[in-house]
Structure formats: structure tokens, C-alpha cells
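A single chain, nothing else alongside it, follows as C-alpha cells in the form predicted on its own.
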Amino acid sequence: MPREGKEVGVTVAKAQGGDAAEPMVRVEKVSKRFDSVLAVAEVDFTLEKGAFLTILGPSGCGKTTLLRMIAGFIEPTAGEIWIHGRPVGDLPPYRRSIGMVFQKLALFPHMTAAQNIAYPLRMRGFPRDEIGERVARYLRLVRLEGLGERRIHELSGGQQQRVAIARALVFEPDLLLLDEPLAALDRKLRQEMQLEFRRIQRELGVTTINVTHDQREALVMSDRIMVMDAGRVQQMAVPETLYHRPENRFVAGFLGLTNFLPGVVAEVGAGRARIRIGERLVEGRMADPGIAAGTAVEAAVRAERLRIFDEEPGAGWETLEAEILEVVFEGERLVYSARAETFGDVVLRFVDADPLRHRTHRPGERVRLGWRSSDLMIFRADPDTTRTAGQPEREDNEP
């Protein structure tokens, strides 16, 4: 599916008019309130046929509630949902033409893999000969040929996942919903299954909505990603745009390993600003064009954008001296922590993604760190943040 050029798959819902092709899913001003808690607040989006959307966010952000409203398990407090051009507010889940894979796979242990896959076909009254043909076809699709007669306990975790995928797709639903189905798998198997999900989705062209808190999963599997926090959509974009051009501080901090540096705007130019951080004036690009001189801000630079230099680089780079505090070996990369005195003793995290080609720097060693000014993103400071100033943010599942 396209990732560059014209963006496809998900668009912001329009109040009037529409695209030439009817979207597979349309969500308009959907909210859900549980007593005094607003779990989902006025979410709008459309999802075109064949697209893969991931709803990404921390626990409690409203992503699963939104998915369950689309599925029909929860009724919205306000707003409307359409699937394949039809409003589904009055339709129960079994009439919405939806396949679903849950974190707890809910496979029938007394049945074989083939019988599990056949179950939704039998419930829908498919002819016996068609059931056999479809089950065989979907066993091949999920690469379980020859394993159809095994019971669930005789299959590995990854094989059970494949049975659940085949069961959700065998009746050819309009929409596939994934509710963190990979969360319980170990890291290696989870990464393998992410690629499998994507392969199967592309092969069938089934419209898919995935819910996860795993940012790597979102980046690997999706055409578009919707980031949610506190029930609201923070940004929706293709993975590359979301990662490299976050629209606000939350998105910048949630994706990847990001250093945040507190400062004050000194000068403002066309889309750029010079800000004072500690004893230094540095330049960066403004994520919020409304920021004025004198505004308290947080500058963000991703860990992989920081580099160690043996000598001063050319134009377009900012540099400073720092003391190495810690070196963490992560197999394919090293993650450093260093104290930057001129930035007010903030601690910066940076990454060496090719440690075999570079000398390892030890704690106590002084180095010259540099980054391109275009890689420094400037956000309006969040007065409610409780994070220690300058502390980098990182998720356990950060890629």
C-alpha cells in the first residue's frame, strides 16, 4: 500500500459532501461518557476500503473504547458510525460484518484448528462443501497447511494466533478489528506476527483497524496511525509524518526515545525560532507557529538524531560538550546518557545504531555532541507536565 506521495487510507471526516468512493468506515463526532468520565471525545475519521489504521496510545487513552463502539459492543453517548455506507447504531455486533481478533484469542479448546476456523461459517449457514474449501484456503493463507486436525493445545502461540486470524477472516467480513492480539506474545514472536498480520492484510485487501500501545507495531503494520490521549485524537498521519513531524509534545514524547529541553523563545522567524536553554541559544523549527518571543517552550530532539563528533561539523549543526554518564548495550545498538552542563545539567540520551564501526565511549569521558538545527522541534511548554526538566521520554516497547 502506498506510503509516499498521495496519502491514502484515512482522511478527516467532512461535514458535507464526500469522496467519489464510499469509505468503509466513517466515524463522526463519536463520544463515550462513563458517568463523570469522558472516555472518548468527539472522534472524527474515515477509513477507505483496504486501508490499515492503527489506533495508538497509552493505557486509558480511549482507544479500546473507540474500537468496541465500532464493533457494537458499546453504544456511543454521542455521534454516528457507518460501516460500508450504512449507519450501524441499531445493529448488534453479529450483523456488522466484522471479524475480530482479541488479546485473549477465545479459541475453542475442544475443537481442532480447522473446526475453529469453520465455526463462523457454520453459524452463518454456509454449505458444507464451501465450508471445507474455505477452511483449506485460509489454512494455506495463514501457513498452517497440514495442521488443521490439531487441537488448540497442540499448537504453538504463533500458530494459535494464525488460527484466530483465519477464523476472523474466513467469512470475508467488511472490516477486521484487532484488539491488542499480540500483547501476550514474547518480543521475538510478536515481531514475527506483526509482519504476518501485515502480509495477510495486504494479500486479502481487508480494511483493518488495530488497537495497540506498542509503537513499533503501529509503525510496522500501518498505513496510517491515530495517536490518542485522554480520549482525544492528538494526531493522525502516515507513520513517517507522525514520527518525523509530530504536531504536539505528547506525540513527540510517545513515539521513540525523545529528549525534552526546557527553554524560552528569544527570536522568532519564518517557521523557526532561537531559544535559550540554560546558557545557550540554539535554533530549531516550531511545531506551533503561534509561539511568540518570551514564551516558555520545550525543545525536543530524538535520540537517534544526536551524534558524537571528533571535531566541529559544518554549517547547520549545533554542538555542545557533555560528560558520558552511562552506556547501555542493547545488542544491535548502544544507548548513551550524557550530562550537558551548558544546558543546565540536563541529561541527554543518544543512540549509536552501528556500534561495531565506532569506539565505545566510557562513563566519565567528555564528548562533543551535535545535531542538525532542523532536527530540534519546539513545542509550547505544557504547564501540567510532571516530568523532570530535560528527562528523555521512552516507552518499554520503543523501537
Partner chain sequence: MKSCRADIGTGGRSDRSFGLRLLDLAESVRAGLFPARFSVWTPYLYLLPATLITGILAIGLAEMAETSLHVLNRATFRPDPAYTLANYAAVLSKPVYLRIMLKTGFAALLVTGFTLLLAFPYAYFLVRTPHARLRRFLLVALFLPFLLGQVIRAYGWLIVLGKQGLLNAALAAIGLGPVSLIYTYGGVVLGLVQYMLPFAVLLLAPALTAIPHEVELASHGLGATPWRTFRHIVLPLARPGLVAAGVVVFTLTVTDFAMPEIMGGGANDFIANAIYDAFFQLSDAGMGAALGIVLTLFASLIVALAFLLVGVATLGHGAQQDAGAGR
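Worth saying up front: this structure is predicted, and the values here are computed from it rather than measured. Residue numbers count along the first chain shown, from 1.
Although it is not shown, the form predicted in complex with the partner chain is what the next lines describe.
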- Query: Out of 250-258, 160-168, 280-288, 321-329, where are the residues with a heavy atom within 4.5 Å of the partner chain in the predicted complex?
  - Reply: 160-168
- Query: Could you tell me if T77 has a non-hydrogen atom within 4.5 Å of the partner chain in the predicted complex?
  - Reply: no
- Message: Test of understanding: in the predicted complex, would I98 fall inside 4.5 Å of the partner chain by heavy atoms?
- Response: yes
- Query: Closest heavy atom of R151 to the partner chain in the predicted complex, within 4.5 Å or not?
  - Reply: yes
- Item | A118 within 4.5 Å of the partner chain in the predicted complex, heavy atoms | yes
- Message: By the heavy atom within 4.5 Å rule, which residue out of V297, V142, L182, L107 makes contact with the partner chain in the predicted complex?
- Response: L107
- Message: Between L306, A114, M193, L177, only one gets a heavy atom within 4.5 angstroms of the partner chain in the predicted complex; which residue is that?
- Response: A114
- Query: Hey, which residues along 121-139 are within 4.5 angstroms of the partner chain in the predicted complex, non-hydrogen atoms only?
  - Reply: R122, M123, R124, R128
